[in-house]
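A lone chain, given as structure tokens: the form predicted alone.
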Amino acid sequence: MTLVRIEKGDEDLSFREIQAGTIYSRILRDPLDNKITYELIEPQIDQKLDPIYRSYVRDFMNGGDRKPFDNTPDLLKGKGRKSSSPELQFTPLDLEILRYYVRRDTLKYGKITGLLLDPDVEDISCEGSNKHIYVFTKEFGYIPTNVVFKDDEDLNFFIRKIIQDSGKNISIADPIIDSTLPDGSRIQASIGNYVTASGPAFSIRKFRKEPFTPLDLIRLGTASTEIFAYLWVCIEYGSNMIVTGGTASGKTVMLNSILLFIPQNLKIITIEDTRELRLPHENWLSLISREGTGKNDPESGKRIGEIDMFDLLTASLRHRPNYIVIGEVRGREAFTIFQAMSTGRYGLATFHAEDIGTLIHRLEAKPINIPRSLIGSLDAAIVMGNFVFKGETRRRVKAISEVMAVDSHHGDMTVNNVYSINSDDTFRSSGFSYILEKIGSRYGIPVSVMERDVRIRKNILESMIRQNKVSYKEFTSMIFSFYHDRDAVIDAFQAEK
């Protein structure tokens, strides 16, 4: 049944039907102040339905009947709403709208359900009650919406529910939390005014159904085909790399994309606080840290039941993985992964640092305290950054910095920026790769052959883009086929060229 009938207006900058006949969005520009706003459009609930709606939602939240409802009696049972009084006569449309709102607020994500369903929306942020929720879209950036939580009680209730639905708890004792919603979106939330002056707040980074592949990032201009071809060779033959950069510079997206280059016969373990990494590999174990409860244990300094990333990393080494991937290096787990790197296991991770110099400094400083001799086991840092080109902010690979050598006497480190970005949004190469030379030496392969392998992979990536074979499924299928019969894949793309 169609609950809303609406069409695109002449003044709409953007219009989308999010859920057929039920949810729409439009983006408008106010002609008076030139301000752009996002309007979420849902069915209008009749005032006479409001008491039933609120009663059902309240019962549901208090642990009442949680079975799905499909019939009119399920909505009206026990509510005292069957009456011959004219104001309490319900049309089929009334009941469908009532079902929509009860489902939305009990089984889904309440007021922000439509925002989460809108594919144009990338981030959702609420800075307090009685304030417009903001969304981020690729075309318009951050813009205010017509979605508002009326007071702190309303917003606190919503945050508690959505966090509980994600399998975690938020309380006065722990008023701030990072978690993953059932749809995979990442949420950071706080309740009360214990950590924020404006009261409860949340920020959601939306889940992408299909992760970005290297082809997606090439088309977005994040890096060139040659850079990804080089990374493909490095990952295939085994390299230790850290993706580093500032806030929202695309570190996790880049890490997830290059993980697709790992051969499917290798064993991979990922370790994260909040799950963001996704792989098509079968021989993959995902480990997620767990918060503890109660007071800190005086011996360990951790709460009872807490399992942190260091615990997970220590346990992962017993699985004998080929690749260990840490979502974000922040503390004592760094020492263990660098030890693992130095003993033949390959490690990949993200880190918060603007360049390789800052990265090394923070690895050496407290609380991480990695000796510079051990940092020498790192092969390269992929440095991400945000750049403004033609008035638009873009995520780019700032540099790929190879760690060439560490002076044992003075501790000086020699770095080769094998790739770096130019001021005109192009990339330049140093013309020499220490990692390719190192890999060639390890496997007895001449550097010229390694460089040829980069060119071959570059041709494959360019050919896939020309043929518009850019979906996640097509890309992962090509990678797996390449490792199964690389000659056949190379011949197929050479024939296309």
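Definition used throughout: the rigid core is the maximal C-alpha set that superposes within 1.5 Å between two forms. Note that residue numbering begins at 1 and tracks the sequence as displayed. This one's a predicted model, so the numbers in the text were calculated from it and none came from an experiment.
There is another form of this protein, the form predicted in complex with a small molecule, and it is not shown here; the text below is about that form.
- With a 4.5 Å cutoff on heavy atoms, Leu107 does not count as touching the small molecule in the model of the complex; it lies far away.
- Shown alone here, Thr222 lies within 4.5 Å of the small molecule in the model of the complex, counting heavy atoms only.
- The shortest heavy atom separation between Arg395 and the small molecule in the model of the complex is within 4.5 Å.
- Of the heavy atoms in Ala248, some are within 4.5 Å of the small molecule in the model of the complex.
- Val253 is the sole member of Ile163, Ile370, Met413, Val253 with a non-hydrogen atom lying within 4.5 angstroms of the small molecule in the model of the complex.
- Contact with the small molecule in the model of the complex, defined as a heavy atom within 4.5 Å, holds for exactly one of Asp118, Asp379, Asp123, Asp152, namely Asp123.
- Remark: of stretches 165 to 173, 358 to 366, 333 to 341, 212 to 220, the one touching the small molecule in the model of the complex is 212 to 220 (heavy atom within 4.5 Å).
- With a cut-off of 2 Å and the rigid core superposed, Arg318 has a Cα displacement that falls short of the cut-off between this form and the one not shown.
- Core-superposed comparison between this form and the one not shown: the Cα of Phe136 travels 2 Å or more.
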